[in-house]
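The chain below stands alone and is given in structure tokens; this is the form predicted alone.
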Amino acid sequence: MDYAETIGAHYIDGNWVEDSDHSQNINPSNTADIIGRFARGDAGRVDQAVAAAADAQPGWADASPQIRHDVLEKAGALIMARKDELGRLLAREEGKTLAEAVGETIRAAQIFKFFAGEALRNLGDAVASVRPSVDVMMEREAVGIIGLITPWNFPIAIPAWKIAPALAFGNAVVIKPAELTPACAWELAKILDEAGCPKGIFNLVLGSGSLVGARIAEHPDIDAVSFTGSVPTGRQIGVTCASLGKKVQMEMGGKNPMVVMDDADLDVAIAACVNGAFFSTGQRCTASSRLIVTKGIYDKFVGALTEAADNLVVGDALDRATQIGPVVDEKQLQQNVDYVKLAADEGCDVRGGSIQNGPGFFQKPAVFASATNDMRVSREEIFGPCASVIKADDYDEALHLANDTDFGLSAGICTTSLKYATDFRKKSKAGMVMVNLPTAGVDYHVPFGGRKGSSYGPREQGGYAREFYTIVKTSYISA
């Protein structure tokens, strides 16, 4: 698949709409590789998409759920059939290793297939009224038009887990993917068109957050907004949506702890921490960026982690030997380098973290040994292959440190003690808890989301997604 000469257009009302302004999509493994040029829209393009969605959505909501099922099922099958091609595209535009990129593409296909089934399972309830001869029914209906704003780090999976439930429950969609990674969403638009999605039901508007994203949040005819991205942008969108009475769902990051107890299997703990902290170049909101290790195993753990991190192969995402791909762009790389310097200034024993020479944005994984939980590098989301290693006296202090954060997305513990595992699951102030597993890596059929500064609104994914993408109507019927 050669995108070098491609000009990616918007997809509005079933048509490809060109624009005079474009952005280059650059391969972060090799900046000389231009994947394509993609349109940069504005508020007017959003208005066009919303108008098309408003015309089409009532008919889609009233259609048989079998029709919605069939479109989503076919979309999932088309994605799965093209998993290697789409995975290669994803690796080129985002920088994930080829194995991770193909895995993410398979997950997108599974999400569409799961929600194809959910379209047939939009269940309601019926109860007896407290009044004689009155029946009460509770039914779920489509919200209307959903605005979706998605990030660059999972350029096919996150659009999939927002688009699929929105369509399954009878909504129309206007989506703005990240400007850094437009090609995967562009391919999704082509796939939904091929799958038979009616015109106006799915609309893709490419462009910047300041123009396209802002208009999606403020448009009076968009009924709900689902956003994944940074905390500052999420808060701004939340305020805008609240002022307009819109439903809003936000996923905004994490500073996720992994507790490693003295009794942990060291090999299991190192594997979980290396995966959670460094895979996907640390560019996951569920990354294990704080490794909280009890004192009896601390020195041994730091030594083993440093060795494992140093042995990871950093390189071109398309090279099958690569374990850690590039950082997504030069701006993110510079931010990571600044945090490595900050870690040293704050008193950490910094191991690794240097820029690796190459035609792309490569950085060696960084271990911040001797970190404390009050350091900026332990409190701010870096979004790179960097992990603070914090010493705790015992389990109680480790639990306290794990919860001492403004975020609450994912948390983990490595231990062979059922007592510690059970207590941590109960007392962790995170939306997702892992035991002897990386904090990153979740299933597609169960809810995803966190607490505190990480998330706002109903959960994403699984059957819980209907809480956001539907509204409940209560009907009273007199016999």
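Sequential numbering from 1, following the sequence displayed. This one's a predicted model, so the numbers in the text were calculated from it and none came from an experiment.
Below, we turn to the form predicted in complex with nicotinamide-adenine-dinucleotide, even though it does not appear here.
- Of the residues given (223, 100, 118, 381), 381 alone sits with a heavy atom within 4.5 Å of nicotinamide-adenine-dinucleotide in the predicted complex.
- Proximity to nicotinamide-adenine-dinucleotide in the predicted complex, defined as a heavy atom within 4.5 Å, holds among 76, 200, 352, 151 only for 151.
- Proximity to nicotinamide-adenine-dinucleotide in the predicted complex, taken as heavy atoms within 4.5 Å, picks out 172-180 from the listed stretches 107-115, 84-92, 258-266, 172-180.
- The closest non-hydrogen atom of residue 238 lies beyond 4.5 Å of nicotinamide-adenine-dinucleotide in the predicted complex.
- Proximity of residue 213 to nicotinamide-adenine-dinucleotide in the predicted complex: non-hydrogen atoms within 4.5 Å are present.
- Looking at residue 368, you'd find every heavy atom of it more than 4.5 angstroms from nicotinamide-adenine-dinucleotide in the predicted complex.
- In the predicted complex, nicotinamide-adenine-dinucleotide sits beyond 4.5 Å of every heavy atom of residue 325.
- Along 212-236, residues 213, 214, 227, 228, 229, 230, 233, 236 each place a heavy atom within 4.5 Å of nicotinamide-adenine-dinucleotide in the predicted complex.
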